[in-house]
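In structure tokens, the next block holds one chain alone, the form predicted on its own.
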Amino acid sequence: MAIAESCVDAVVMEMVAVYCGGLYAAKPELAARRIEAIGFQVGHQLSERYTMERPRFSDHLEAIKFICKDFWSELFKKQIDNLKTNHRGTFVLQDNRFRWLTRVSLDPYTENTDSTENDSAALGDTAAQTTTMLLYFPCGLIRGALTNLGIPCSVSADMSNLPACSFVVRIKT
């Protein structure tokens, strides 16, 4: 099982590297859309597989709870740590130690005073961009799974407190 998990980690990292560094290096917004689309397709198919033997969910909250417990457990071997809602179609799924971000570190205290520091700032920006790109895939996973469950939504991620990550799901009405 550990081999399969490390393979998935490697595939996701490589996908981000190829789309951001090679195929769409000059157009990060296209890379982001493509990575999210791949995540959407995977999430759509996985939710179909994981809910095959279940009755249809009766409301949005039940489907979100399924994502937080069962779906996330299948993917990351743990449940979402916290779920918040405003009861008006917005849900925040908090993973306090998101596995794909545990080895990422960003330096928030980068100042630009000379050429050496400018070079390190550019590297910091690249690391931040790569980390951001890495989150488009799980956003797509969540959106694809919920769309398959009949819940059209948008999903965004917040990584302001690494390695914690929040996924904001907004149900479209």
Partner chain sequence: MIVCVAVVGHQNNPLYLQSFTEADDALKLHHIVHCSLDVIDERVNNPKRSAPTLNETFLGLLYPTENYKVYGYLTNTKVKFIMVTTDLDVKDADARNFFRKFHAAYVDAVSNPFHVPGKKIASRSFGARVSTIVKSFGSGITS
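Bear in mind that the values here come from a model prediction, so they are computed numbers and not experimental data. Positions refer to the first chain, counted from 1.
Although not depicted, the form predicted together with its partner chain is the subject of the following passage.
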Whether 48, 52 and 148 all lie within 4.5 angstroms of its partner chain in the predicted complex by heavy atom: yes
In the predicted complex, is there a heavy atom of its partner chain that lies within 4.5 Å of any heavy atom of residue 65, even though the partner is absent here? no
Residue-level question: is residue 27 within 4.5 Å of its partner chain in the predicted complex, judged on heavy atoms? no
Check whether residue 60 has any heavy atom within 4.5 Å of a heavy atom of its partner chain in the predicted complex, and answer yes or no. no
Is it the case that residue 56, even though its partner is missing from this view, gets within 4.5 Å of its partner chain in the predicted complex, heavy atoms only? yes
Using a 4.5 Å cut-off on heavy atoms, what residues in 27 to 46 are near its partner chain in the predicted complex? 41, 44, 45
